[in-house]
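Before any questions on how it binds or moves, here is one chain, the form predicted alone, in C-alpha cells.
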Amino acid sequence: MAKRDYSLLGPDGQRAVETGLAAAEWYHTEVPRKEMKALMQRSDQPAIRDTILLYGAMILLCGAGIALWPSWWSAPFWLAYGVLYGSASDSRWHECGHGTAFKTPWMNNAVYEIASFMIMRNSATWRWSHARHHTDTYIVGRDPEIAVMRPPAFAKLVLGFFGLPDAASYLPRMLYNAFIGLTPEEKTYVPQSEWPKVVRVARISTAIYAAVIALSLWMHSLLPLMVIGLPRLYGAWHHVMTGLLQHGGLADNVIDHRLNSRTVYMNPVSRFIYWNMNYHVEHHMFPMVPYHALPRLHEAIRHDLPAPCPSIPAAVAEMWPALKRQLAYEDYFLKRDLPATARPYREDFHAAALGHPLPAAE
C-alpha cells in the first residue's frame, strides 16, 4: 500500500468501498446451530452480579479516598477506584452497547449511558462508531476505532496509558457536538435521525463537567475532580493495555478475524475488569455472544483459531517487535500460525483487492 490514510473521508476508505472490502462477508468458524443458540442465550444474573460488585467496590474505594483526603494514605484507594472508573467502564460501555450484557434492555441502556460518560464517549455517537468497527474491523479509512495506526505513534501510545490523547480528543469534540453538531466524519456513520441525540448527550456531559469544575473551584480542592473526571486519566492504563492487545501488530484490510484480532489468557482480576473481552477473536466472529459465554465459545472453536497468548506479558512480547518493525515497513504484520485442525486463512480477497499478497512475519 501507499501511506495509509485513516480519515473516514479519505481515498483509502473510498477504495475499500469500490473494491468490496468494506462491508464484506467475514470468515467465521462453523458452529452447530443448536450450540450457537445456547451460547447466545442472554441472562440478567451474571451482569447484575458483576455490576453490583463493580459499583459497590467503587463506592467503598471512593469513600475511603474521600475520608483519607488529602493524605497520601488515600492514594492506593484512588488508584484502585481509577482503574474501575477509567478501565472497567470501557468494557461495560462495550458489552452494554452490544445489548448482550443483560437480558433486560433498560439495564443494558442504563449501564451503557453511565459507562459512556465515565469513559468519555458520547453514547449516541459511539454506538454507531462501534457498529462500524465490527462491520469493517481494521479496514483503513472505514474503521473509526483503529487504536494502533501505521506507522505506530509511540509517544501517543505511551501518553494513552494516562488517558491524555483520549481526553484531548473527547473534550473539544464534546463541546463541538454540544454547540455546533456532529463532525463531518461522524456524519458518515451516525444516522441523521440520531443527530439530535448526539447533541443532547454532549450538552448533558458538558453540564456535568462544568458543575464538577465549578464545585472544585468553590472548594479550592481537586477532590470533586478526583471523583468525576480525573479517574478517566489516572485509571486508564488497564483498558489501554488490553485495548492495544486486541489488534496491535496484526493485519489490517483483511476479512478474517483470525488475522486481525488476538485472544489472550488473563488473570481473573483483569478478566473482571475487561469482562472477558480477552477472548477477542471469538467476540469479533460472534459479537452477539454475551461476555459470560465467551469462555465456552472459545472452547467450541479453538480448534480453528491461532493459539491464544498465554498471558498479558506474553502478548505484549509478541506485539511489541511487530509494532517496532512497522515504523520502517508499514505493510508488515504478525501472521500467527494456525493449528492443523483449522481451515486456512481467508487471504484471497485481500490479495485481489489490493493487488499484492499478504506480507507475513519472518
Partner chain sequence: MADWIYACETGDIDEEDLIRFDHAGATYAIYHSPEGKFYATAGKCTHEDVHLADGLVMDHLIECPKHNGQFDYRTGEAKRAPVCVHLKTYPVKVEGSRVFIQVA
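Residue numbers count along the first chain shown, from 1. This structure is a prediction, so every number in the text was calculated from the model and none was measured.
Same protein, other form: the form predicted together with its partner chain, not shown, and the subject of what follows.
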If we take heavy atoms and a 4.5 Å cut-off, which stretch out of 270-278, 132-140, 230-238, 198-206 is in contact with its partner chain in the predicted bound form?
132-140
Would you mind picking the one in Arg150, His98, Arg173, His292 that has a heavy atom within 4.5 Å of its partner chain in the predicted bound form?
His98
To verify the annotation, which of these, Trp26, Trp69, Tyr55, Trp320, has a non-hydrogen atom within 4.5 Å of its partner chain in the predicted bound form?
Trp26
So in the predicted bound form, does any heavy atom of Ala64 sit within 4.5 Å of its partner chain?
no
Is Gln41 near its partner chain? Define near as a heavy atom within 4.5 Å, in the predicted bound form.
yes
Counting only non-hydrogen atoms and a 4.5 angstroms cut-off, does Trp126 reach its partner chain in the predicted bound form?
no
Does at least one non-hydrogen atom of Pro191 fall within 4.5 angstroms of its partner chain in the predicted bound form?
yes
When its partner chain is considered in the predicted bound form, the residues of 23-37 having a heavy atom within 4.5 Å of it are Trp26, Arg33, Lys34, Lys37
